[in-house]
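Listed next as structure tokens is one chain, alone, in the form predicted on its own.
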């Protein structure tokens, strides 16, 4: 990913629930209280980029982790169960506009083998649905665009690419059948 990649920047800005494992003096402003310490056991939501840095602090030479990361609400067990039941009915965009990117980054920090499988299966099943809608634009129009509203950014790019490809193929076949070269 590029430093200037807007999708990466927006993924980094996603809030992640964390619990402080140690007391840190003067960091109370993260809770909205200036000049107060953050006590051990305090739960706050931090941007992913900051949570990632603090979460891997033990590997950087500290004796103890500064924070422990929890799964964000977009990847909570309730959402996982919904994705297992029928991934095509879940509005991923309302959970996180860069859902798969968030999942990828979280999986780099936490060991959640089941979540890897759920996200992989979700993407596969939704990709088939996206391809179907991209090749049949009448389906998207008749549904009032509800289908497109629930797609995360990666899925929107997939839809756009598949739709443009289908359009190019139709134009090529049309030109070929009419005798143009």
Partner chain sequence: MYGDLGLKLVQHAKRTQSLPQLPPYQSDIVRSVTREVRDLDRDVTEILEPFNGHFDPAEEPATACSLLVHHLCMRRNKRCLLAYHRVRVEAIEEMCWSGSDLLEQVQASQNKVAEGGAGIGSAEGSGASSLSPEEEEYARQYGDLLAAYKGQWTDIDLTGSLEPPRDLFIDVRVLKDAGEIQTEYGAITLTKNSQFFVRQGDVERLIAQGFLQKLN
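Since we're looking at a predicted model, the values are computed, not measured. Residue numbers count along the first chain shown, from 1. Basically, rigid core = biggest C-alpha set you can superpose within 1.5 Å across the two forms.
Same protein, other form: the form predicted together with its partner chain, not shown, and the subject of what follows.
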Give a yes or no for residue 148: in the model of the complex, does one of its heavy atoms lie within 4.5 Å of a heavy atom belonging to its partner chain? no
Residue 12 versus its partner chain, in the model of the complex: is there a non-hydrogen atom within 4.5 Å? yes
How about residue 66: is it within 4.5 Å of its partner chain in the model of the complex, going by heavy atoms? yes
Is there a heavy atom of residue 53 lying 4.5 Å or less from a heavy atom of its partner chain in the model of the complex? yes
Heavy atom contacts to its partner chain in the model of the complex at 4.5 Å, residues of 119-133 in sequence order: none
Rigid core fitted, is the C-alpha displacement of residue 13 between the shown form and the other one 2 Å or more? no
